[in-house]
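The data below hold one chain only, encoded as structure tokens and taken in the form predicted alone.
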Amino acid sequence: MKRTSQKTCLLLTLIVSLVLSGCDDLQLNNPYSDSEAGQTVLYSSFTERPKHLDPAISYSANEYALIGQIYEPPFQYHYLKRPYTLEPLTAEKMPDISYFDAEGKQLSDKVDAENIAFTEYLITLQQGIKFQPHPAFAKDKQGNFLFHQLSQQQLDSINSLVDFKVADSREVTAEDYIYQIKRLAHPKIHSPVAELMKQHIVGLTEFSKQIAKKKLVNIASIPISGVEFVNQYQYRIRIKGKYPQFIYWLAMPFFSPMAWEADVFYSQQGLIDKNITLDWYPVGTGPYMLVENNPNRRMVLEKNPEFHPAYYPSEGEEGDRERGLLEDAGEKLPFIDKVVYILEKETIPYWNKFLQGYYDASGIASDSFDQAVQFTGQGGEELTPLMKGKGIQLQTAVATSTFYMGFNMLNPEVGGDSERARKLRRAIAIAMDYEEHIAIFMNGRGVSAQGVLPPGIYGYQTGQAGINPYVYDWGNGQAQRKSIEVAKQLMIEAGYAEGIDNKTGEALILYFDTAASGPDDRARLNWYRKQFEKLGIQLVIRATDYNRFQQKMRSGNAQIFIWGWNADYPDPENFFFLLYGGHGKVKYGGENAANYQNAEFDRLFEQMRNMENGSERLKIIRKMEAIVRYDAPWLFGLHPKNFSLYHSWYQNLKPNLMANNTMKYKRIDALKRVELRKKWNRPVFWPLIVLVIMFGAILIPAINAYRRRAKETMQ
């Protein structure tokens, strides 16, 4: 009896000792392999799989997060300099630009844009740049491609790209850049920029028609009149007229080199049937290559062993050196060996893992905002003590984006250029308190818009000179929204006193068309109603699915709507074209969703869009902003403000809203990460110990009682 109790106590003591012996270094909640613990691995996430990884097709932010690290166009945005500045990437230097008249005579650089019939860009490439290793380049000893004509027997053993055991590479040439331009115009590829590029690149329309007529797959031998092969490291692109913004397109993945071998390799039906395509497995020259693509679990980038020499910038803007952003100046890129993107559909699990150190960076969901950020008395933002205690870094940047409420200018009630409609639109603009909207629905993460251009775009104006005088006054050093009484007076002048139409004697009813109809949208839609109610206007929400909403916009049947635009490149043309009459959505199928048309605005736009930045262009931009503020086809809404959190071991961080290839500049201090993870994730064993002791306290008397009864029975 006594011996049994002693054994039980000994067993409990052993369990407690074993538990305590593992307390110091054990991370029971570590979701990653121990083999990655000390590696320079960046951990991030995705919520839905990228739809396209083919650079001719891809055109969304979640896709660019991947392909921006894999593909390299000729030019890129300097990582540190502001305003955003282009520099060579795979090109040896910036392009040589020449201008010509209609007869082919070369013109001076100072000639007026209207006299320029053609602009030529001569691009000179760096030598020695190679594609990543890939089976498309593999050859046998006789120089024949190993995998361009796969047999059924070979296909039976292949389920993903890793099943090919042989890979090779080759040097990139000018022909690879030309080949990609041809792919943009191929009817079967459906590039989203095909029609736009046909407007600019000479001969692209004719090339597209030719290959469509011949139903060609192999396009390498078919020329484009406006794209010329000069030599192995030079090619020339001729565009119509003068279009200075074309250089920005040459910094986008659309113009990255594409190997014809990859196109031929992926065109095999047996591989297409197994979803082994260029849309799934990219072939680029960038610092990283996609080695795992499992959208139901994770996607992995690893260093490209054939990546050409590239170095961290040695200069930036004022303050970069003090912030430690030039400590790696001149160091060879990239710094991170591996990037792991893990599927995370819910924000709360992601947030918790970030706080535990298992993700290196995080945005801030609305539910977690108060836990992470607090506002100062001056309206600024800072991290909470919890975040500061973990050494977390906060970075904010106003996005080069705009969200606006648009009025359909073809609509007889809210559109047109009558003073009645114009004053109605201005009254609504004053009543829509976007400062309140930003505070309630965005945790303060936004800036009220004063015009068409967002911060970071040439021509954007700050201070008193930059306010919209029809909606704001300037006071106490900041823009202040006009009072609702001013809006009500405009309603009276427009003939809608207290929301009653003086022509019909009936209440004014306006219609808001939207594709937002989910439970999370109801509060926002109710808020819109209340803003209109301030003026006595009844706002009817017409919610529908996105396809139906798009159809309404194309046909001009919407009255009031919400729309947004993210910058493709840092030029005012990329925003003002949203109001250019020639881009009207109903008449031309363009991006002018408000169907706004003002002859003077259109004239100024046509003059401004082809100008170089300078004082003359700035004067025109100011005039264009003034016209749009006066006419009010948009209710200028807001520019979102991005809030990002980074752990202390994540370095070389600077927001760059134009570049999509910034991973190569960033650094991870893996040893510091391991130390802090251990500190933050020490197992808490005392509840288990208490349970063991409680269990023992119950078990021992029970055993004793059992033994006692058994002994009494035996007697």
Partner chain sequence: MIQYIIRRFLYAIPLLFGVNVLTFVLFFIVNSPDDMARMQLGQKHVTEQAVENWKQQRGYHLPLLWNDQQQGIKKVKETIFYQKSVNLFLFQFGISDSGRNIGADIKQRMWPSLAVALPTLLVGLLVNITVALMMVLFRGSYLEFSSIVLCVILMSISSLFYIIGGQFVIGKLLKLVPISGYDGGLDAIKFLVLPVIISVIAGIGSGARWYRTLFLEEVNKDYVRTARAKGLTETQTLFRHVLQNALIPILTGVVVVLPLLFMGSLILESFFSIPGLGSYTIDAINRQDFAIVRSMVFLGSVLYIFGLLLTDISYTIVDPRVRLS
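Residue numbers count along the first chain shown, from 1. In this text, all values refer to a predicted model and were calculated from it rather than measured experimentally.
Just so you know, the form predicted in complex with the partner chain exists too; it's not on screen, but the next bit is about it.
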Query raised in the report: Do residue 355 and the partner chain share at least one heavy atom pair within 4.5 Å in the predicted bound form?
Result: yes
Query raised in the report: For residue 203, is any heavy atom within 4.5 Å of the partner chain in the predicted bound form, or not?
Result: no
Query raised in the report: Might residue 30 be said to contact the partner chain in the predicted bound form, defining contact as any heavy atom within 4.5 Å?
Result: yes
Query raised in the report: Is there a heavy atom of residue 222 lying 4.5 Å or less from a heavy atom of the partner chain in the predicted bound form?
Result: no
Requested in this report: Find the only residue in 538, 126, 115, 371 having a heavy atom within 4.5 Å of the partner chain in the predicted bound form.
Outcome: 371
Report summary line: in the predicted bound form, the residue from 88, 582, 295, 469 with a non-hydrogen atom within 4.5 Å of the partner chain is 295
Query raised in the report: Hey, of 323 to 331, 559 to 567, 530 to 538, 493 to 501, which bit sits against the partner chain in the predicted bound form at 4.5 Å between non-hydrogen atoms?
Result: 559 to 567
Requested in this report: Select from 236 to 268 the residues with a non-hydrogen atom within 4.5 Å of the partner chain in the predicted bound form and write them out in sequence order.
Outcome: 249
